[in-house]
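One chain is shown next in structure tokens, namely the form predicted alone.
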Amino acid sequence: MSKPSYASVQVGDEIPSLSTEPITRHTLALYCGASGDHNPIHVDIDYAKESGLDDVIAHGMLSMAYLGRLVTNWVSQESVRELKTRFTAMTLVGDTVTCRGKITEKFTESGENRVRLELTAETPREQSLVGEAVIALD
């Protein structure tokens, strides 16, 4: 896929979506090590049950990382000016995460042509993250 340009995109355009494989316990263990987030709610089923859950839950930042990958699959990392999200629901073991982005604004700031993306991450049950990114495009 070719790199998008400011002239080639329009408000309302969607960027290519990203869907993950189902989240596994192995994924969560690897993410614990990579991120340094060893909160037992993500890997210890006994702890999760004592906390009132049926099972462990995925790290919210793992889903945020998938949103980051969505964006950097579309443009280079150097083009990202802003990425922010808000967690809206839990991601569970076995869930797939589908990430989407849509252009909501084109503007110029600091001498750069930029676009604003509305971002979402969804599990099969519900939306788990909402956010936005600001991207510089030539």
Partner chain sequence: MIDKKLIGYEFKTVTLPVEEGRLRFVAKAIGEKNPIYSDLKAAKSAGHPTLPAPPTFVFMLEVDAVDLQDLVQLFGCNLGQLLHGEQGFVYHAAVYAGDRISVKKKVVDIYDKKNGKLEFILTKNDFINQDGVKVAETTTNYVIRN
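Numbering follows the first chain given and starts at 1. All of these numbers come straight from a predicted model, not from anything done at the bench.
The same protein also has a form predicted together with the partner chain, omitted here; what follows describes it.
In the predicted bound form, the partner chain sits within 4.5 Å of a heavy atom of Glu82. At a distance threshold of 4.5 angstroms between non-hydrogen atoms, Asp44 is out of contact with the partner chain in the predicted bound form.
Proximity of Ile57 to the partner chain in the predicted bound form: non-hydrogen atoms within 4.5 Å are present.
Remark: Gln77 counts among the residues lining the partner chain in the predicted bound form, judged by a heavy atom distance of 4.5 Å or less.
The putative spot formed by Ala7, Pro16 and Phe107 is not touched by the partner chain in the predicted bound form; no residue has a non-hydrogen atom within 4.5 angstroms of it. Scanning 58 to 78 for heavy atoms within 4.5 Å of the partner chain in the predicted bound form gives Met61, Leu62, Met64, Ala65, Tyr66, Gly68, Arg69, Thr72, Gln77, Glu78 in sequence order.
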